[in-house]
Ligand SMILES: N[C@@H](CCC(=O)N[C@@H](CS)C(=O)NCC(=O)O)C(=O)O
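In structure tokens, one chain follows: the form predicted on its own.
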């Protein structure tokens, strides 16, 4: 039985979504990232990066939420759950491609925008920084809009781990109240993904983070 470490109000919500889609038994240890839970010696022995989530499945220990989901989709593909796993080597490569794309093209500017809209304390939010991040998101959002104009899902003709991984990264969009109406195909797709029963854990995510020094902030997110 897999064991997931990480509070739902973190990137662990992406893996919780996958586990619920697969309808498999698992153990969840809600390790925090703001209360020092991911800095204990016990947790650092699991993930020396001191970040969440991490997954332990038998002798295998994994970190990085999107990689964990790719693994779970493959391992539990034949368990009677919906076919979230890619169906061929080509589809597997595409699922990896879209997962990397979400992490490299979308996640950092989206977090930067969300931080200045909802995550930083109100006095530390800067609308100009949010606008800068949203402008940087236009290029990847336009790419995704064009792709979804040709097909309903990211790969194949069904919802897969590729859709889950990308939508989970983009779940900050509705949380931060970001208007994506200019990308109608992407908007419909994202809403459909996030309305799935197993995706419910993204909805209550609410927390604030301290604003780092400006030099650290820009180097980290932009």
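Note that the structure is predicted; figures quoted are calculated from it, not measured. Residue numbers count along the first chain shown, from 1.
In what follows, reference is made to the form predicted together with the named molecule, a form of this protein that is not presented.
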ask   = Every residue in 28, 72 and 76 with a non-hydrogen atom within 4.5 Å of the named molecule in the predicted bound form?
value = no
message = in the predicted bound form, is there a heavy atom of the named molecule that lies within 4.5 Å of any heavy atom of residue 196, even though the partner is absent here?
response = no
request  = Give a yes or no for residue 165: in the predicted bound form, does one of its heavy atoms lie within 4.5 Å of a heavy atom belonging to the named molecule?
outcome  = no
key: Contact test in the predicted bound form: residue 154 vs the named molecule, heavy atoms, 4.5 Å   = no
query = Would residue 183 count as touching the named molecule in the predicted bound form under a 4.5 Å heavy atom rule?
reply = no
query = Which of 188-196, 172-180, 62-70, 155-163 has heavy atoms within 4.5 Å of the named molecule in the predicted bound form?
reply = 62-70
note = Checked 43-66 against the named molecule in the predicted bound form; residues with a heavy atom within 4.5 Å, sequence order, are 50, 51, 52, 53, 64, 65
